[in-house]
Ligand code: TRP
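First, one chain by itself in C-alpha cells, the form predicted on its own.
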C-alpha cells in the first residue's frame, strides 16, 4: 500500500510567506463554504479552517468566505453548491461527506477542498489519495473503530451486545459500521442496529435499541452528532454507555472515544487551501489523513453510570 503523505502544520509558515508577498491590488478570491448541519464537531472544523486561513496570510480583503449551512437537508446541499457554481466562486470548501459529495456533483472545474471525509474513495470523490486526479482534495478523519471497542472493553467489560445507531445515508457512517461489525464478529460481541434518515427520528430509534443492548456505538455520523443530547438522555435513562466516533461527541454527552482532533482537520484543510491559492496543482496535494487519536471520556456520563474513569483524560 502506498504511503499517504501527511502535511505538517509547519507548512503554514511557508504558505504564510507566499501569501504575504502578494500585491495589494490583487483580485479578491471568493470561497463558498458549505456545512451540512450544525453540531460541535463540524462547527469546530469550520472555525479552525477560517482562523488558520487568516493566520497564513489570507485576510478578509484577500479572501471572502460565503458560508452556508444546509440544516440537514440534502436537497439544500445540492442547491447551495449549484449556487456557488452560478456565483463563479474560486473555490468550494465542503465540511463533511454529504457536503463534499454535493460539491463534487455540482462542478468538475472549480477547485474543492473537503474537510473531515472518512472515506473519500468510497464516497466517490476521487480514486487516488496520493495524487488526486480531478478538482478535489482535502482532509480525512478515519475513525479508529478497533481502538474504540478496545476502550469499551476496558471501561465496561461486561458490555457484550452493542446497539449501532447511525444514518444509513452517510457514507462515512457505513464505513465505520462495517468495521464495527467485523470487530464484533471477530471478538465474540453481538450487535443490533437502528438507522435514521433525519434528526427527528433519532429519539425513537435510540429508544428502540435501549432495552436490547448493553451499550450504544455511534460513528462520526452528522445526524447523530447533531442529536447527541437526545441520545445521551435516552442512554442515561436506560443506564447504558454511549461510545462514539468523535471527541466532540463525547463533549456533547457520549461516554468515550478514541477520536481525532476536529480542529486539526480544519487547520490542515486551510493549509491545503492556501497552497491551492498560491498556485499549486491539486494533483500535487495529497489527501491529508489525520491519524493522531486521543482517548477521551465524559466524566459526568461516567459518574451517572458509576464507572471509574480516572485512568483516562476526561471532559466535563
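What you see is a predicted model, and the numbers here were worked out from it, not measured in a lab. Positions refer to the first chain, counted from 1.
Although not depicted, the form predicted together with ligand TRP is the subject of the following passage.
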| Looking at 81-89, 214-222, 105-113, 153-161, which lies within 4.5 angstroms of ligand TRP in the predicted complex, counting heavy atoms? | 214-222
| message | Taking a heavy atom within 4.5 Å as contact, would all three of 46, 137 and 268 count as contacting ligand TRP in the predicted complex? | response | no
| field | Proximity of residue 52 to ligand TRP in the predicted complex, heavy atoms at 4.5 Å | value | no
| Non-hydrogen atom contact residue 249 with ligand TRP in the predicted complex at 4.5 angstroms | yes
| query | Do residue 242 and ligand TRP come within 4.5 Å of each other in the predicted complex, heavy atoms counted? | reply | no
| query | Though only this chain appears here, would residue 42 touch ligand TRP in the predicted complex if you measure heavy atom gaps against 4.5 Å? | reply | yes
| task | Work out which of 165, 96, 77, 93 lies within 4.5 Å of ligand TRP in the predicted complex, going by heavy atoms. | result | 96
| Does any residue in 112-129 get within 4.5 Å of ligand TRP in the predicted complex, counting heavy atoms only, and if so which ones? | 116, 117, 118
